[in-house]
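Before any questions on how it binds or moves, here is one chain, the form predicted on its own, in structure tokens.
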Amino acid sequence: MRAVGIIFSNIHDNNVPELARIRTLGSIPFGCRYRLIDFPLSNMVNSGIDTVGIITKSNYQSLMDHVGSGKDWDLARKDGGVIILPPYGDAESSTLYTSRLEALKGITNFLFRADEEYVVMTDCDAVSRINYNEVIEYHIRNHADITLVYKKFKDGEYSAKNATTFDVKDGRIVNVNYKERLQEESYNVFTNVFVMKKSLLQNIVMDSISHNKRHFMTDVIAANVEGMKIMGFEHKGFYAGITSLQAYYDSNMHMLDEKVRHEIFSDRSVFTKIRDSAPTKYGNSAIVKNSMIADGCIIEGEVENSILFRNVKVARGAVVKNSIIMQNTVLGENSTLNCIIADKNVTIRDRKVLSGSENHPFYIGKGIMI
């Protein structure tokens, strides 16, 4: 069951415009030392998928720096490996894509060169652990044309304002819904994972070109729920969708739950770019509770229920609670942060007090001094 992987790095940039203004969604830092692309990319590697194309669009320099040759994912190979697919994939492309189907039109050469039988497509807008081999086996066992992965939520568990949901009967998707608000007792939320034969995807892309189709979910999936056998595979593990800045904050805070952290990171199979950093230094006055702290930090103040990335400095008397502090941020003496998302290279001067709330975290942009 050989499969080629396709990862869309930019398709949901509008979900978190604050964080994606200077980078792709896939390169947004997450969980102390990772980027969002690490999760789908690691899932593919752990599923034996060793040819992965990453579709880019804009602001992808940091993504290229992070992924590099793919050696940290064991994808630095002469045949296959990880391949960055720029937005202009052929001579006819002159404008940036605006939808998934348009993005696929730009990588037809990549699809035709791949010799794998199946294709797994996914996005970078979620944190989860999933074995794609199980999805492919389910797909084959049910003689499906297309298999889509969904997560069942109860009312109130999923906060996205706009979500794609499915009505599923005996494993088959019978209806596709686009809902602004989810108010049912339970609902099946699409996780943006597709499995199908590569030959079918090629036919879909070529047909979309000839008939000027643009949207994969509307023009392919929703339009063919009766004409094609489209199956739904239920993902029963942890799933956090990055659908807004609030969802990004909540998803990071979920990592402080030991059960969630164990499911995602327990066997060290979420890979990321390795950096050489000194161990974190804790001063005599440091107090740290229920937090994730990356290498290279210097902590002399108090950190509680927070996530600190590499080389963060927390000065004596500073207090950080319920916050996400990204790389190279400096917190001055006697400063206080609560429910803050601080991007890279932020400087908070002495005695500053900043606070958001758990339902409305306050974001500080990259390189800002306060």
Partner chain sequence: MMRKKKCVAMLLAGGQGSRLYALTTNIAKPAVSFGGKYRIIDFPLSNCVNSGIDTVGVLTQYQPLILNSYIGNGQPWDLDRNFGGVRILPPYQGKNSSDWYKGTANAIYQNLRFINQFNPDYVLVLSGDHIYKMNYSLMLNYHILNDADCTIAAINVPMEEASRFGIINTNPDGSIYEFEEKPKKPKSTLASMGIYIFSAKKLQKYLEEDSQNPKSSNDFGKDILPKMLSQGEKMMAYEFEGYWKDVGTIDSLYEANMDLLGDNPKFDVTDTSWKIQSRSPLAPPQYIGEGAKTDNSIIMSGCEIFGTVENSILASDVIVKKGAVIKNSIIMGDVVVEEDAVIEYSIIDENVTVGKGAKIGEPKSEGKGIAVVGRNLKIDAGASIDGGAIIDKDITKEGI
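Everything numeric in this text was worked out from a predicted model, so none of it was measured. Residue numbers count along the first chain shown, from 1.
Same protein, other form: the form predicted together with its partner chain, not shown, and the subject of what follows.
Asker: Give me the residue from 211, 78, 236, 268 that has a heavy atom within 4.5 Å of its partner chain in the predicted complex.
Answerer: Selected residue: 268.
Asker: Would you mind picking the one in 292, 163, 83, 168 that has a heavy atom within 4.5 Å of its partner chain in the predicted complex?
Answerer: Spelling it out, the residue with a heavy atom inside the cut-off is 292.
Asker: Counting only non-hydrogen atoms and a 4.5 angstroms cut-off, does residue 277 reach its partner chain in the predicted complex?
Answerer: Output for residue 277 is yes: heavy atoms within 4.5 Å of its partner chain.
Asker: Examine residue 34 and determine whether its closest non-hydrogen atom to its partner chain in the predicted complex is within 4.5 angstroms.
Answerer: Residue 34 belongs to the contact set for its partner chain.
Asker: Verify the contact flag for residue 111: yes if a non-hydrogen atom of it lies within 4.5 Å of a non-hydrogen atom of its partner chain in the predicted complex, no if not.
Answerer: No, residue 111 stays farther than 4.5 Å from its partner chain in the predicted complex.
Asker: Quick one: does residue 102 come within 4.5 Å of its partner chain in the predicted complex, counting heavy atoms only?
Answerer: Output for residue 102 is no: heavy atoms all beyond 4.5 Å of its partner chain.
Asker: Residues in which of 293-301, 219-227, 186-194, 128-136 have heavy atoms within 4.5 Å of its partner chain in the predicted complex?
Answerer: Contact criterion met by 293-301 only.
Asker: Only counting heavy atoms and a 4.5 Å limit, does any residue of 68-85 reach its partner chain in the predicted complex, and if so which ones?
Answerer: Result: 71 alone.
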